[in-house]
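A lone chain, given as structure tokens: the form predicted alone.
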């Protein structure tokens, strides 16, 4: 991962600016416990890829600004929206851990977690509006708010599809449809919002949207892989929980499509069974690897990320474009 050090330093630089903005935005929230709950996952870390995408899209297409200050409020809004979805998703999935810490509803209780999530969602709009007049016009803010509202609806639809498809075998085309709603959509919104502030051309916005779409697909497939064979101390999430929940993934599609006899019985004992023992989960993971399902999924991720990088060729050469290309490579090789 040494070759990604410049990229990760750049991500860290953006993350500090975004986190500072979010902390200031929530500074006056009362009661204090609500503010603490809302900031819980943000303070726990996270990759900050979505606000980074917003900033890099801005940098890759701007010819008007020499620093990233104008895009920080919107990048922060994207991160707030992302964390809002995580708080509520963890409640729906009954997840205990996120980013190596207890989930918000586990630490603060479900009622306060719901309230904290709602607060984060409201602050999304406040963050965007804070930049009107200072960094961008009302017209640009209107386009950004339209984008954010649209993706909020899309995320709800994607989450519903994910819930309704649990414990069912989905085809690759159905899986990609869910992923484009649940994962790619927010990445697309991030790059589009950054490009709006830069007053980018339609061609550049379309190229960035294609890039973000396939980046999201690759990201989710790798996430699914890490959910099966990742290291919990590194990923911050329990390994095997997706199997117990019967989450629709390409890995399960491939494994259940190819498993016969004892291999299928091993998988059926775990998939969709929240009470499956750690030993049974370990056997299921070994079976999945023997069936070549991880290799199959990784190839699908690589193909998607190659398509993401190809889309960047439509943009003018710049350091920001190179960073976006490096990010696609990082997504494929990441371990967390």
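Treat the numbers as computed from the prediction; the structure is a model and nothing was measured. Numbering follows the first chain given and starts at 1.
The following text describes the form predicted in complex with another copy of the chain, which does not appear among the structures shown.
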Query raised in the report: With a 4.5 Å heavy atom cut-off, would you call residue 142 a contact of another copy of the chain in the predicted bound form?
Result: yes
**Report entry** Touches another copy of the chain in the predicted bound form: residue 263 (any heavy atom, 4.5 Å)
**Finding:** no
Query raised in the report: Quick one: is residue 31 in contact with another copy of the chain in the predicted bound form, heavy atoms, 4.5 Å cut-off?
Result: yes
Query raised in the report: Taking 4.5 angstroms as the cut-off for heavy atoms, does residue 206 touch another copy of the chain in the predicted bound form?
Result: no
Query raised in the report: Is another copy of the chain in the predicted bound form near all of 115, 138 and 152, within 4.5 Å of a heavy atom of each?
Result: yes
Report summary line: With a 4.5 Å heavy atom cut-off to another copy of the chain in the predicted bound form, the contacting stretch among 242-250, 90-98, 206-214, 175-183 is 90-98
Requested in this report: Using heavy atoms only and a 4.5 Å cut-off, determine which of 229, 106, 122, 256 is in contact with another copy of the chain in the predicted bound form.
Outcome: 122
Query - Members of 147-161 lying within 4.5 angstroms of another copy of the chain, judged by heavy atom, in the predicted bound form - result: 149, 152, 153, 156, 157, 159, 160, 161
